[in-house]
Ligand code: AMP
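Below you will find one chain, with nothing else, as structure tokens; this is the form predicted alone, and questions on how it binds or moves follow later.
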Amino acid sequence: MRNVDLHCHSTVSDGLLSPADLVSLAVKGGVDVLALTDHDDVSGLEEAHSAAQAKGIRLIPGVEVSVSWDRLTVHIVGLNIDPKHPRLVDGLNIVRGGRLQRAQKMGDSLAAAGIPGAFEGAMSFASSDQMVGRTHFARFLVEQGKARNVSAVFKRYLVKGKPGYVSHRWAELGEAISWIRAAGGIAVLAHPGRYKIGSTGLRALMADFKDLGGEAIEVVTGNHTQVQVHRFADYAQHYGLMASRGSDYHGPGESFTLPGRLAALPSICKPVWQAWT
């Protein structure tokens, strides 16, 4: 069986490793097929592709698009995209354009809670002002001793009802899917187990996703339990969706699973990579 990891991040968005170093780590983990899926940005794909060619593994060009759906932020991974397609490029430019303004408001919120300098601190961890996000703020808060690690930050800060949270309108679900499909890619609903919307909400999300042209969901991810894996395998079968597998790796000390260490897809699943192999 091929060792496939179709969800990873580099320093281009909120990962800790460069695209080339991420590829090297994946090779050490035995990955045969890797997708780089940075948030709302594809500028790391060229470096990752060169590294993958040198290391002898296949690089699938990807992206993870931030989406607003029913007052919830969800993520849609695009796999096997043409990163230069004009509709995708223009769409991602629009999504990135709102990040800086949101980050400034997040800094103001944390300052009002007695944590000054958060905006500047977050920017010191970000690759550019267009890519600054919650993870960069979380790293600053860990550095300031406000939490023991990045995961712990999100229990006290940066989430709804807590200091540092700022609501934001991202791309519409249909927009993100249309950009991905226009670029020749497959739209994948990322880590569905992370969305705190209950079974009814999840079914509504997956029905909308499928109706708008989505083709796959992540069944195996770095933070899905075995119970969730089998649950989402059943959902994939019910909605006629392919299944994806990805670690959602961000870096040492910040991720549940290393690239290459994921469980296999349940046998009832149709792997998304069959669409291009």
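Note that this is a predicted model, so its numbers are computed, not measured. One rule holds for the numbers: they count along the sequence shown, beginning at 1.
Omitted here: the form predicted together with adenosine monophosphate. The next part is about that form.
The partner is absent here; in the predicted complex, the one residue of Ser151, Ser178, Gln130, Asn80 having a heavy atom within 4.5 Å of adenosine monophosphate is Ser151. Here the chain stands by itself, but in the predicted complex one stretch of 95 to 103, 140 to 148, 111 to 119, 82 to 90, 95 to 103, has heavy atoms within 4.5 Å of adenosine monophosphate. The closest heavy atom approach of Arg245 to adenosine monophosphate in the predicted complex falls outside 4.5 Å. Though the partner is left out of this view, His39 does reach within 4.5 Å of adenosine monophosphate in the predicted complex, counting heavy atoms only.
Although the partner is absent here, His250 sits close enough that one of its heavy atoms falls within 4.5 Å of adenosine monophosphate in the predicted complex. Contacts with adenosine monophosphate in the predicted complex, taken as any heavy atom within 4.5 Å, map within 11 to 33 to Asp14 alone.
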